[in-house]
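As structure tokens, one chain now follows by itself in the form predicted on its own.
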């Protein structure tokens, strides 16, 4: 109000505002809707989602990150949960659905506490304390996967990840490929084991059974040799990796050459030919019998290379060139004239192979390659795409475990152990924060409940059996085996996951829930001309203005 009692308008006309409990409730409901969208995908018996785009193309998947990426979400709180999934996926590669579901459950329990008069700040603080304690509990039940049986442990981690995917029927064979790929590219750096998934080249080749997916100890390029006269296969390959063009030189600035008679033209062409012959001679003299370049090779250079019996591939992407260098232990040179025998990579064999309708150049039998390739097979493009998503998660899980060295029981065992121990610990917190800690325990217990429900089991019986087991000494690894319907030791059942995945789930879900919980004012800007609607405001987000003022304006 101004001194004369007239209302003052601070926000632009058309701006919408929602404050207090209504704003918080709307944000919570929007976030929970996103969580419920992926909740049924949890576990080996989880359901799939069909995502149909504007063009009618359909994607069938149960991958949480893919589902959330495809959703066209308007509400900002809902988008925050999608960001949680992205952060989870980028950090550890798996657990996206779990983190979103947990965030949704934390918000649902918080809403009940708010209705009982517990302040949002108190709930937030209680959740943070509970998350810290949960992380300690999770680490306490972890097992070192290094040492004896390490390869088997890694394979079980991959199998557990693949068990919840559409390609689970082939998980045993695929998990072996995943572990072999990760162990090939893992390397020591500063006393730590590092795994860079970019060192694994993935090529999709639909038209065969998933079981025909193969690991190549080298690089598979979706390129063919340049000339039919070049060899289709080379044994004991010596490979030149060149980041330069085999083409006539171009001037730095625009220029014109004036030719007045045929002899000048012949001399000009002869000089170009001489330069290209010289470039090819440098390759020959280095001892190379295979050439990969990231730039072009013109027709005359192709002719000279073919005449010399050199297999050449051009316009190889930079990332693939780097993988070739790691696989063959060669050096990428930027000038052909600088090429020497010491720069050459080596491979036991390079050959052309046909997968379905596509011809690939396969660099294989590399000695101790630090980059490898997976050729993904499947009956259709959709199957191969889903296999790609599944293997990305499995490789991320194994890579995380190799770097972290700690595994925890799956099947909801870790979640139930955290829930039971948090309830025991909650009285020591005291006050209203104790209620938040207990709510956190209830929320995380929803994970084994959802696993049981998605498997068609009686979730109440399962949760009661889990609580009883976890109150007994020595049964902290007991979870639900959704394939047998029984509560059993998940370490013995080989249902395991990396500690880092569980920790990231706790961290990202808690932070997202706390962030949304602390919102008590939602202000939506006026829509641009022609934008339609009330500023893209989601349902339930309108109004909120004070009496006597323009709708949604309010003093600020």
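Fair warning: this is a prediction, and the values are worked out from it, not measured in the lab. Numbering follows the first chain given and starts at 1.
This protein has a second form, the form predicted in complex with ligand ADP, left out of what is shown; the following refers to that one.
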- 175, 293, 97, 400 - the one with a heavy atom within 4.5 Å of ligand ADP in the predicted complex: 97
- Message: Can you pick out, from 92, 450, 482, 130, the residue that has a heavy atom within 4.5 Å of ligand ADP in the predicted complex?
- Response: 482
- Closest heavy atom of residue 43 to ligand ADP in the predicted complex, within 4.5 Å or not? yes
- Task: Answer yes if any heavy atom of residue 500 is within 4.5 Å of a heavy atom of ligand ADP in the predicted complex; otherwise answer no.
- Result: no
- Query: Does ligand ADP come within 4.5 Å of any heavy atom of residue 495 in the predicted complex?
  - Reply: yes
- Item | Partner contact for residue 164 in the predicted complex: ligand ADP, 4.5 angstroms, heavy atom | yes
- Region of this chain that lies against ligand ADP in the predicted complex, out of 66 to 74, 22 to 30, 507 to 515, 35 to 43 [heavy atom, 4.5 Å]: 35 to 43
